[in-house]
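Only one chain is included here, represented as C-alpha coordinates and corresponding to the form predicted on its own.
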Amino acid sequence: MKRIPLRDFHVGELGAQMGEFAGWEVPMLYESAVREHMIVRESAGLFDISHMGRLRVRGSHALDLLEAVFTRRVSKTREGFMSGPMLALNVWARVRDDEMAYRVSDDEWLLVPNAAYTEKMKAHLEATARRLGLSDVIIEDLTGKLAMAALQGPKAVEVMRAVGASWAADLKPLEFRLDAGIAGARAFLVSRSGWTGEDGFEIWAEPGEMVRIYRALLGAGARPVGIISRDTLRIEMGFVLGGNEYGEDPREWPCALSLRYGMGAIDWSKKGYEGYEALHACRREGVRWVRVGFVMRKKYARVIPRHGYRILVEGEPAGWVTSGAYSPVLGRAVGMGYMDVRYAVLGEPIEIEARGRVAEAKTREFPLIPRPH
(Lines give C-alpha, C1' and ligand atoms only; values in the text may rest on other atoms or scores of the structure.)
Protein backbone atom coordinates (compact mmCIF):
# COMPACT_ATOMS: atom_id res chain seq x y z
CA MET A 1 0.00 0.00 0.00
CA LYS A 2 1.02 3.60 -0.55
CA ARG A 3 1.61 5.64 2.60
CA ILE A 4 0.24 9.12 3.20
CA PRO A 5 2.95 11.63 4.25
CA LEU A 6 1.60 12.09 7.81
CA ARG A 7 1.10 8.39 8.51
CA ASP A 8 3.43 8.23 11.54
CA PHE A 9 1.97 11.45 12.97
CA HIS A 10 -1.56 10.03 12.84
CA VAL A 11 -0.55 6.77 14.49
CA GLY A 12 1.97 8.02 17.04
CA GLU A 13 0.42 11.32 18.09
CA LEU A 14 -3.30 10.94 17.34
CA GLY A 15 -3.79 7.20 17.83
CA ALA A 16 -5.37 6.57 14.45
CA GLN A 17 -6.49 3.10 13.45
CA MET A 18 -5.12 2.64 9.94
CA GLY A 19 -6.58 0.65 7.08
CA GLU A 20 -6.60 0.36 3.29
CA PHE A 21 -8.57 2.55 0.92
CA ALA A 22 -7.97 2.70 -2.84
CA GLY A 23 -4.47 1.29 -2.43
CA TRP A 24 -3.48 3.72 0.34
CA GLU A 25 -2.95 3.21 4.05
CA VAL A 26 -5.19 5.87 5.62
CA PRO A 27 -6.65 6.76 9.04
CA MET A 28 -9.92 4.82 9.21
CA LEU A 29 -11.00 6.13 12.62
CA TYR A 30 -9.69 7.56 15.88
CA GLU A 31 -12.41 6.78 18.43
CA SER A 32 -15.84 5.94 16.99
CA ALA A 33 -17.07 6.23 13.41
CA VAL A 34 -20.51 7.38 14.58
CA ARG A 35 -19.02 9.95 16.94
CA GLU A 36 -16.68 11.25 14.25
CA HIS A 37 -19.60 11.51 11.81
CA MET A 38 -21.53 13.70 14.26
CA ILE A 39 -18.45 15.83 14.98
CA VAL A 40 -18.52 16.87 11.32
CA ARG A 41 -22.28 17.46 11.30
CA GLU A 42 -22.29 19.44 14.58
CA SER A 43 -18.82 20.92 15.09
CA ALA A 44 -15.56 20.63 13.09
CA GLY A 45 -13.78 17.48 11.97
CA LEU A 46 -10.32 17.28 10.41
CA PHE A 47 -9.67 14.62 7.75
CA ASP A 48 -6.36 13.66 6.19
CA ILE A 49 -7.25 13.24 2.52
CA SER A 50 -3.72 12.93 1.16
CA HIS A 51 -4.79 9.79 -0.71
CA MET A 52 -6.60 12.06 -3.17
CA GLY A 53 -4.66 12.98 -6.30
CA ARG A 54 -3.11 16.37 -6.99
CA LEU A 55 -2.10 17.16 -10.56
CA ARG A 56 -0.74 20.41 -12.00
CA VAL A 57 -1.43 21.13 -15.68
CA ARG A 58 0.65 23.91 -17.24
CA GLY A 59 1.16 25.35 -20.70
CA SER A 60 -0.46 27.73 -23.18
CA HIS A 61 -2.84 24.94 -24.26
CA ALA A 62 -3.70 23.68 -20.77
CA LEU A 63 -7.26 24.94 -21.06
CA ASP A 64 -7.67 23.32 -24.49
CA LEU A 65 -6.66 19.99 -22.95
CA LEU A 66 -9.15 20.24 -20.09
CA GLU A 67 -11.95 21.23 -22.46
CA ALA A 68 -11.20 18.13 -24.54
CA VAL A 69 -11.43 15.82 -21.52
CA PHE A 70 -14.22 17.12 -19.26
CA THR A 71 -17.99 17.50 -19.69
CA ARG A 72 -18.13 20.90 -18.00
CA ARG A 73 -17.15 24.13 -19.80
CA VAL A 74 -13.99 24.76 -17.81
CA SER A 75 -13.31 28.11 -19.50
CA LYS A 76 -16.15 29.67 -17.49
CA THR A 77 -14.17 29.22 -14.27
CA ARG A 78 -12.82 32.46 -12.82
CA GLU A 79 -9.19 32.72 -11.78
CA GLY A 80 -8.86 31.80 -8.12
CA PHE A 81 -11.94 29.55 -8.20
CA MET A 82 -12.63 25.85 -8.58
CA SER A 83 -14.81 24.23 -11.23
CA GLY A 84 -16.70 21.05 -10.64
CA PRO A 85 -17.55 18.43 -10.08
CA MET A 86 -17.03 17.58 -13.72
CA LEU A 87 -16.86 14.25 -15.47
CA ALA A 88 -14.19 12.65 -17.62
CA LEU A 89 -15.86 10.10 -19.91
CA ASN A 90 -14.69 7.29 -22.15
CA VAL A 91 -16.02 6.68 -25.67
CA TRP A 92 -19.07 4.80 -24.29
CA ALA A 93 -20.06 7.76 -22.06
CA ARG A 94 -19.09 5.83 -18.96
CA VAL A 95 -17.26 7.76 -16.26
CA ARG A 96 -13.48 7.62 -15.94
CA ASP A 97 -13.51 9.99 -12.97
CA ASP A 98 -15.27 12.99 -11.44
CA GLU A 99 -12.89 15.81 -10.54
CA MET A 100 -12.45 19.39 -9.40
CA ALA A 101 -10.31 21.87 -11.37
CA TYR A 102 -8.64 24.97 -9.89
CA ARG A 103 -7.87 27.89 -12.21
CA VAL A 104 -4.55 29.37 -11.05
CA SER A 105 -4.15 31.29 -14.32
CA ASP A 106 -5.00 30.86 -18.00
CA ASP A 107 -1.94 28.64 -18.36
CA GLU A 108 -1.97 26.80 -15.03
CA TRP A 109 -4.60 24.54 -13.52
CA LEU A 110 -4.74 22.12 -10.60
CA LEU A 111 -6.83 18.93 -10.67
CA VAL A 112 -7.94 16.59 -7.88
CA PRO A 113 -8.60 13.08 -9.21
CA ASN A 114 -10.04 10.40 -6.95
CA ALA A 115 -7.47 8.30 -5.13
CA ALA A 116 -7.75 5.16 -7.25
CA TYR A 117 -7.61 7.06 -10.54
CA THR A 118 -4.72 9.54 -10.21
CA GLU A 119 -2.21 7.60 -12.31
CA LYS A 120 -4.87 6.59 -14.83
CA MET A 121 -6.06 10.19 -15.26
CA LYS A 122 -2.53 11.52 -15.61
CA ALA A 123 -1.89 8.99 -18.37
CA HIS A 124 -5.22 9.84 -20.03
CA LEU A 125 -4.45 13.57 -19.98
CA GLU A 126 -1.00 12.96 -21.44
CA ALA A 127 -2.39 10.69 -24.17
CA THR A 128 -5.06 13.25 -25.07
CA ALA A 129 -2.45 16.02 -25.25
CA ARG A 130 -0.35 13.92 -27.63
CA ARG A 131 -3.37 13.05 -29.77
CA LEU A 132 -4.31 16.72 -30.11
CA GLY A 133 -0.73 17.90 -30.66
CA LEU A 134 -0.66 20.03 -27.49
CA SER A 135 3.07 19.57 -27.08
CA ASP A 136 3.65 22.44 -24.64
CA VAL A 137 1.34 21.05 -21.92
CA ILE A 138 3.17 19.68 -18.87
CA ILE A 139 1.34 17.48 -16.34
CA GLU A 140 3.00 17.16 -12.95
CA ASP A 141 1.91 14.81 -10.16
CA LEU A 142 2.07 16.69 -6.83
CA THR A 143 0.43 13.91 -4.82
CA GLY A 144 3.63 12.72 -3.15
CA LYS A 145 4.94 16.24 -2.54
CA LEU A 146 1.99 17.79 -0.74
CA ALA A 147 -0.28 16.52 2.03
CA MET A 148 -3.99 17.37 1.88
CA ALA A 149 -6.48 17.86 4.71
CA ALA A 150 -10.14 18.83 4.97
CA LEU A 151 -11.59 20.84 7.86
CA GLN A 152 -15.36 20.27 7.71
CA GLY A 153 -18.35 21.25 9.80
CA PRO A 154 -20.47 24.20 10.96
CA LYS A 155 -17.66 25.41 13.25
CA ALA A 156 -14.93 25.25 10.59
CA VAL A 157 -14.82 29.03 10.17
CA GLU A 158 -14.64 29.49 13.95
CA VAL A 159 -11.64 27.15 14.11
CA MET A 160 -9.84 28.98 11.30
CA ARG A 161 -10.40 32.31 13.03
CA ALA A 162 -9.03 30.86 16.26
CA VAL A 163 -5.70 30.03 14.58
CA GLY A 164 -5.34 33.49 13.06
CA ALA A 165 -6.66 32.62 9.58
CA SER A 166 -9.64 34.99 9.67
CA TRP A 167 -9.13 35.66 5.97
CA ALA A 168 -10.54 32.20 5.27
CA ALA A 169 -14.00 33.34 6.35
CA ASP A 170 -14.02 35.75 3.39
CA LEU A 171 -13.47 33.00 0.82
CA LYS A 172 -16.57 32.35 -1.26
CA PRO A 173 -17.69 28.76 -1.93
CA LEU A 174 -15.18 27.14 -4.33
CA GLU A 175 -12.76 30.07 -4.04
CA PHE A 176 -9.14 29.32 -3.15
CA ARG A 177 -5.99 31.14 -2.07
CA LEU A 178 -2.40 30.16 -2.80
CA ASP A 179 0.53 30.52 -0.38
CA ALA A 180 -1.73 31.11 2.62
CA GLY A 181 -0.70 31.45 6.27
CA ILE A 182 -2.29 29.30 8.97
CA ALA A 183 -1.00 29.56 12.55
CA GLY A 184 2.47 30.57 11.39
CA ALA A 185 2.70 27.73 8.86
CA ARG A 186 2.48 28.05 5.09
CA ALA A 187 -0.17 26.28 3.07
CA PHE A 188 0.33 25.77 -0.66
CA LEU A 189 -3.43 26.20 -1.15
CA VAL A 190 -6.60 26.68 0.91
CA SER A 191 -10.04 26.38 -0.70
CA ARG A 192 -13.60 26.83 0.58
CA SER A 193 -14.74 23.35 -0.38
CA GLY A 194 -15.31 19.80 0.85
CA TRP A 195 -17.12 16.53 0.33
CA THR A 196 -19.39 16.24 3.35
CA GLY A 197 -22.23 18.64 2.63
CA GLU A 198 -20.96 20.95 5.37
CA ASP A 199 -19.08 24.23 5.21
CA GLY A 200 -15.34 23.92 5.40
CA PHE A 201 -11.91 24.16 3.86
CA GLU A 202 -9.45 21.94 2.04
CA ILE A 203 -5.77 22.56 2.67
CA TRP A 204 -2.69 21.53 0.69
CA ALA A 205 0.73 21.86 2.33
CA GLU A 206 4.16 20.34 2.47
CA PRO A 207 4.16 17.52 5.07
CA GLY A 208 6.17 19.41 7.71
CA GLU A 209 3.93 22.45 7.39
CA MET A 210 0.82 20.26 7.48
CA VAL A 211 1.84 18.78 10.85
CA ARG A 212 2.03 22.32 12.25
CA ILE A 213 -1.34 23.17 10.73
CA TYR A 214 -2.89 19.97 12.07
CA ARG A 215 -1.68 20.68 15.61
CA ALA A 216 -2.96 24.24 15.48
CA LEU A 217 -6.42 23.29 14.16
CA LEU A 218 -6.81 20.49 16.71
CA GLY A 219 -5.69 22.85 19.46
CA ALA A 220 -8.40 25.29 18.35
CA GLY A 221 -11.20 22.76 18.75
CA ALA A 222 -11.25 20.59 15.63
CA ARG A 223 -11.25 16.81 16.14
CA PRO A 224 -9.52 14.20 13.96
CA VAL A 225 -11.93 12.10 11.92
CA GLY A 226 -11.33 9.12 9.64
CA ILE A 227 -12.27 7.71 6.26
CA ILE A 228 -15.12 5.57 7.63
CA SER A 229 -17.07 8.67 8.65
CA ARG A 230 -16.15 10.39 5.38
CA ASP A 231 -17.95 7.58 3.56
CA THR A 232 -21.08 7.72 5.71
CA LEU A 233 -21.19 11.51 5.37
CA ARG A 234 -21.06 11.34 1.57
CA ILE A 235 -23.75 8.64 1.45
CA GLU A 236 -26.11 10.81 3.52
CA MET A 237 -25.61 13.55 0.94
CA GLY A 238 -25.90 11.25 -2.08
CA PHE A 239 -22.36 11.95 -3.31
CA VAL A 240 -20.95 9.37 -5.72
CA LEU A 241 -17.79 7.27 -5.46
CA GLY A 242 -15.90 5.60 -8.29
CA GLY A 243 -16.28 1.83 -8.26
CA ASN A 244 -19.56 2.17 -6.37
CA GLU A 245 -21.71 4.55 -8.43
CA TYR A 246 -19.68 4.72 -11.63
CA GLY A 247 -17.09 2.91 -13.71
CA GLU A 248 -15.91 2.51 -17.29
CA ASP A 249 -17.22 -0.90 -18.36
CA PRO A 250 -20.46 -0.42 -20.37
CA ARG A 251 -21.49 -4.00 -19.51
CA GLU A 252 -21.54 -3.11 -15.82
CA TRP A 253 -22.36 0.59 -15.57
CA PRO A 254 -25.13 2.76 -17.06
CA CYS A 255 -24.14 5.81 -19.10
CA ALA A 256 -23.17 8.99 -17.26
CA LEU A 257 -26.66 10.47 -17.68
CA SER A 258 -28.01 7.81 -15.30
CA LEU A 259 -25.92 9.26 -12.46
CA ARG A 260 -28.30 12.23 -12.10
CA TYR A 261 -25.22 14.11 -11.01
CA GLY A 262 -26.61 17.64 -11.09
CA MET A 263 -24.54 20.69 -10.08
CA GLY A 264 -23.76 21.44 -13.73
CA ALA A 265 -21.45 18.44 -14.11
CA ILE A 266 -22.55 18.19 -17.76
CA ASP A 267 -22.77 21.28 -19.97
CA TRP A 268 -25.15 20.15 -22.71
CA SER A 269 -24.16 23.02 -25.01
CA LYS A 270 -20.52 21.90 -25.01
CA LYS A 271 -19.09 19.78 -27.83
CA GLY A 272 -15.89 17.94 -28.64
CA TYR A 273 -14.99 16.10 -25.44
CA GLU A 274 -14.46 12.34 -25.41
CA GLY A 275 -17.75 10.51 -24.99
CA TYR A 276 -19.78 13.42 -26.40
CA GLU A 277 -21.46 11.38 -29.15
CA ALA A 278 -22.34 8.46 -26.89
CA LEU A 279 -23.65 10.73 -24.14
CA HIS A 280 -25.96 12.58 -26.53
CA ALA A 281 -27.10 9.29 -28.02
CA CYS A 282 -27.95 8.18 -24.51
CA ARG A 283 -29.92 11.39 -24.01
CA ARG A 284 -31.83 10.96 -27.27
CA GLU A 285 -32.64 7.32 -26.68
CA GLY A 286 -33.39 7.69 -22.99
CA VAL A 287 -31.98 5.71 -20.10
CA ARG A 288 -33.15 2.48 -18.53
CA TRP A 289 -31.43 2.98 -15.16
CA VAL A 290 -31.39 6.03 -12.87
CA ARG A 291 -29.64 6.59 -9.56
CA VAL A 292 -32.01 6.98 -6.60
CA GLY A 293 -31.64 7.29 -2.86
CA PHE A 294 -33.55 5.41 -0.21
CA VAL A 295 -34.06 5.22 3.55
CA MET A 296 -34.73 1.97 5.40
CA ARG A 297 -38.03 1.64 7.24
CA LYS A 298 -37.80 1.98 11.03
CA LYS A 299 -38.38 -1.75 11.50
CA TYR A 300 -35.24 -2.43 9.42
CA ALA A 301 -33.21 0.53 10.67
CA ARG A 302 -30.08 -1.56 11.31
CA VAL A 303 -30.12 -3.50 8.03
CA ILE A 304 -27.18 -2.05 6.10
CA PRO A 305 -27.75 -2.11 2.32
CA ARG A 306 -24.49 -3.36 0.79
CA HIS A 307 -23.08 -2.80 -2.67
CA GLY A 308 -24.62 -5.31 -5.06
CA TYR A 309 -27.75 -6.13 -3.03
CA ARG A 310 -30.86 -6.39 -5.23
CA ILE A 311 -33.61 -3.77 -5.12
CA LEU A 312 -37.11 -5.24 -5.48
CA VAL A 313 -40.55 -3.76 -6.12
CA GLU A 314 -43.32 -6.09 -4.97
CA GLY A 315 -40.88 -8.95 -5.24
CA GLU A 316 -39.78 -8.12 -8.80
CA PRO A 317 -36.11 -7.25 -9.51
CA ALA A 318 -35.92 -3.48 -10.09
CA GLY A 319 -32.28 -2.53 -9.57
CA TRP A 320 -29.25 -2.85 -7.34
CA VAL A 321 -27.61 -1.08 -4.42
CA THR A 322 -24.37 0.84 -5.06
CA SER A 323 -23.68 2.27 -1.56
CA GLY A 324 -25.23 2.04 1.87
CA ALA A 325 -24.46 2.89 5.48
CA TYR A 326 -25.99 3.62 8.86
CA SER A 327 -26.98 7.30 9.10
CA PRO A 328 -26.25 8.68 12.59
CA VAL A 329 -28.39 11.72 11.75
CA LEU A 330 -31.52 9.69 10.93
CA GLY A 331 -30.83 6.78 13.26
CA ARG A 332 -31.35 4.26 10.49
CA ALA A 333 -29.60 2.92 7.42
CA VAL A 334 -29.67 4.77 4.09
CA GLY A 335 -28.35 4.04 0.65
CA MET A 336 -28.43 4.65 -3.06
CA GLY A 337 -28.56 2.52 -6.14
CA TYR A 338 -29.73 2.17 -9.73
CA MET A 339 -33.35 1.42 -10.47
CA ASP A 340 -35.20 0.63 -13.66
CA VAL A 341 -36.96 3.87 -14.64
CA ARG A 342 -40.30 2.03 -14.67
CA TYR A 343 -40.02 1.57 -10.92
CA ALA A 344 -37.98 4.60 -9.84
CA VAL A 345 -40.76 6.69 -8.32
CA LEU A 346 -39.66 8.91 -5.43
CA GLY A 347 -41.45 8.39 -2.13
CA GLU A 348 -42.57 4.87 -3.00
CA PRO A 349 -41.82 1.64 -1.04
CA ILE A 350 -39.11 -0.74 -2.24
CA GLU A 351 -37.44 -3.81 -0.78
CA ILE A 352 -33.76 -4.56 -0.34
CA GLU A 353 -32.79 -8.21 -0.64
CA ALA A 354 -30.13 -8.61 2.06
CA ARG A 355 -28.55 -12.03 2.59
CA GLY A 356 -31.68 -14.00 1.94
CA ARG A 357 -34.08 -11.69 3.76
CA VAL A 358 -36.15 -8.81 2.44
CA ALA A 359 -36.05 -5.45 4.22
CA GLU A 360 -38.39 -2.57 3.47
CA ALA A 361 -37.22 0.89 2.43
CA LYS A 362 -38.58 4.03 0.79
CA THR A 363 -37.10 5.98 -2.11
CA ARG A 364 -36.06 9.55 -1.39
CA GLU A 365 -34.45 12.48 -3.19
CA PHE A 366 -30.90 13.54 -2.37
CA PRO A 367 -29.68 14.54 0.13
CA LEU A 368 -31.09 11.78 2.31
CA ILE A 369 -30.96 13.93 5.45
CA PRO A 370 -32.25 17.46 6.09
CA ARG A 371 -29.87 19.90 4.41
CA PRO A 372 -26.85 20.63 6.62
CA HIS A 373 -25.97 24.08 7.87
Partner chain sequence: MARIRVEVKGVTYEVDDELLYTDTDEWVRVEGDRVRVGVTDYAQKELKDIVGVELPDPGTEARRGEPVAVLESVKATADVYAPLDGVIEEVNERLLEEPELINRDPYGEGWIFTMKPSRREQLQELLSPQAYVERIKREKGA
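Numbering follows the first chain given and starts at 1. Since the structure is predicted, the reported quantities are computational estimates derived from the model, not experimental observations.
One more form of this protein should be noted, the form predicted together with the partner chain, which is absent from this view; the next part is about it.
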For the interface check, one of 334-342, 313-321, 52-60, 32-40 should have non-hydrogen atoms within 4.5 Å of the partner chain in the model of the complex; which one? 32-40
Heavy atom of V303 within 4.5 Å of the partner chain in the model of the complex: yes
Although the partner chain is absent from this view, report whether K362 comes within 4.5 Å of it in the model of the complex, heavy atoms only. no
Is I228 close to the partner chain in the model of the complex, meaning a heavy atom pair under 4.5 Å apart or at it? yes
Between the partner chain and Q17, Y309 and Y326, in the model of the complex, does every residue show a non-hydrogen atom at 4.5 Å or closer? yes
Contacts from 333-363 to the partner chain in the model of the complex (any heavy atom within 4.5 Å), listed N to C, are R355, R357
